[in-house]
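Listed next as structure tokens is one chain, alone, in the form predicted alone.
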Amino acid sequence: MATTSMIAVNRFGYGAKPNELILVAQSPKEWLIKQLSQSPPVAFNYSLPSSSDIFIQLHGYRKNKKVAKKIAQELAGKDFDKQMSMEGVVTKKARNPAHKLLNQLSSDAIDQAIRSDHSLNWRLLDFFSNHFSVSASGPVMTAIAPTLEREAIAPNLLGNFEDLLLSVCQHPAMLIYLNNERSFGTNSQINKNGRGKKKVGLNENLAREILELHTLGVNGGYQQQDVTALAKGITGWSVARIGRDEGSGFLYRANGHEPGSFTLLGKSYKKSRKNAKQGEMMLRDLANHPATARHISFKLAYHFISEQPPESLINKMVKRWLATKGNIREVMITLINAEESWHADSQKFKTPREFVISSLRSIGDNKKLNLRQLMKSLSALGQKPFSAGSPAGFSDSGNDWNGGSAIMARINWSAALSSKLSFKHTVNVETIMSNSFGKNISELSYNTILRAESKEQAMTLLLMSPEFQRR
């Protein structure tokens, strides 16, 4: 079995499913590049609720809760303690759907990645989902955080970065997470009409993260005045309210837009009060800026190849980015075709998400996968979906995942998984080892695994081997 086959499935994908290495061996690079032509690149269970469905559910929940509170007050009279007790009884059926939605949507993405024949695309989706990280904090964000990757990232995964950036920055999850849905210009019509009332002002959170994290990077050469200019350019980018606005999702509130022309990175953008064009032009130019090309190319190479990616590799990717207007598919093909990407050493330590998905892919028999248990596993390993806690997302550095307690958690998880497998009938550890690595496993690991006292222990040792922990 060629080493390049193992590199293809592990370094670029989520590890081999049974017999996948045999398929890949025919032409590893072509196998990867062919995945980038899949349409759609990734497929979800689309019977699950969309962000629009979720807003309707949350609106219904709030209405039911108000009704329940009113009924409780009427039943309990002026006795406050009795009111609280009655309210608890009456609202019992009006449960907040947020956590159930978070688990359904998050586990669906993991389930699809485990079963997919195109795990490169799922790795790429997870990369950009973490690049545009949103956290499940509070009832609304808990419910809609997972919809960002399904509705904004996945449809633009292999297209031009400017379309991806624009789609993400106009999605309700990103607008609400970074407080842009109520960012209105000081001189906007909303504030002029609201004289004497509480003013609503400019919020720079989304603009700052766009420049610092999503496009140019922290050393991308922007100044505070650029943050303010971009923030003004996207004032009025808001979210429709169920029962108060028409439609759902992104809503441009022209009366909240700051009037005037703004200068971003030395370029003036004309005023636009009729539509969101001013902010859109700013984002498209940022997406195609050389600093953005370098920032994202570096992150891609760091994620897929090495935490010290060669400068020659970055230069190739940047050159392709600028030549194709940031076409992600073309940049990924450049990454795949570069000789720097195929070094023999496995330099990246798997994150918990990568470890769990690759473990379950290696076993193959996942017909009875317990998705709720899967979510608990990721929590125990420290990477519960949409819990990064900051717009910077989860760390992509191995040093943040291979500490003593983290390794112990992986051992415990591996042992628990191994104990549940039906070794007598369907699972053969030597076969899984061959399916995962072919002959590319060290003699020490091979002998240690095969000399284990039980098949359960052998499986645990396989999952914890250096070859499995790194890619």
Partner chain sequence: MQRRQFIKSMAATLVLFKTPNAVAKALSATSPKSGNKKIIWVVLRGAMDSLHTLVPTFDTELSVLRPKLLASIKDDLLMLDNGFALHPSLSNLHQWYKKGELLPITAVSSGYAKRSHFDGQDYLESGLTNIDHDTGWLGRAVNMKEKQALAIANSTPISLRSSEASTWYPSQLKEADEDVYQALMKMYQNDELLINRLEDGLAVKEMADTMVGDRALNIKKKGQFIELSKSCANLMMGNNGVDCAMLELGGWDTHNNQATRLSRQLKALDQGLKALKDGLKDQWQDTVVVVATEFGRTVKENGTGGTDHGTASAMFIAGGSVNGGKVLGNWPGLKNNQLFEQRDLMPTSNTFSWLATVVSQQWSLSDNQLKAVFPHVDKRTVKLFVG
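For clarity, every value in this text was computed on a predicted model and none was experimentally measured. Positions refer to the first chain, counted from 1.
What follows is about the form predicted in complex with the partner chain, which we do not show.
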- Query: Among 33-41, 46-54, 59-67, 409-417, which stretch sits within 4.5 Å of the partner chain in the model of the complex, heavy atoms only?
  - Reply: 409-417
- Contact at 200, 204 and 399 by the partner chain in the model of the complex, all three, heavy atom at most 4.5 Å: yes
- 4.5 angstroms heavy atom contact with the partner chain in the model of the complex for residue 405: yes
- Query: So in the model of the complex, does residue 299 come within 4.5 Å of the partner chain, heavy atom to heavy atom?
  - Reply: no
- Item | Contact label in the model of the complex: residue 151 to the partner chain, heavy atom within 4.5 Å | no
- Message: residue 218 versus the partner chain, in the model of the complex: is there a non-hydrogen atom within 4.5 Å?
- Response: yes
- Item | Heavy atom within 4.5 Å of the partner chain in the model of the complex - the one residue of 256, 391, 309, 326 that qualifies | 391
- Interface check vs the partner chain in the model of the complex: of 319, 115, 271, 208, the one with a heavy atom inside 4.5 Å is 208
- Task: May I ask you to list the residues of 445-471 that have any heavy atom within 4.5 angstroms of the partner chain in the model of the complex, in sequence order?
- Result: 445, 448, 449, 453, 457, 460, 461, 464, 465, 466, 470
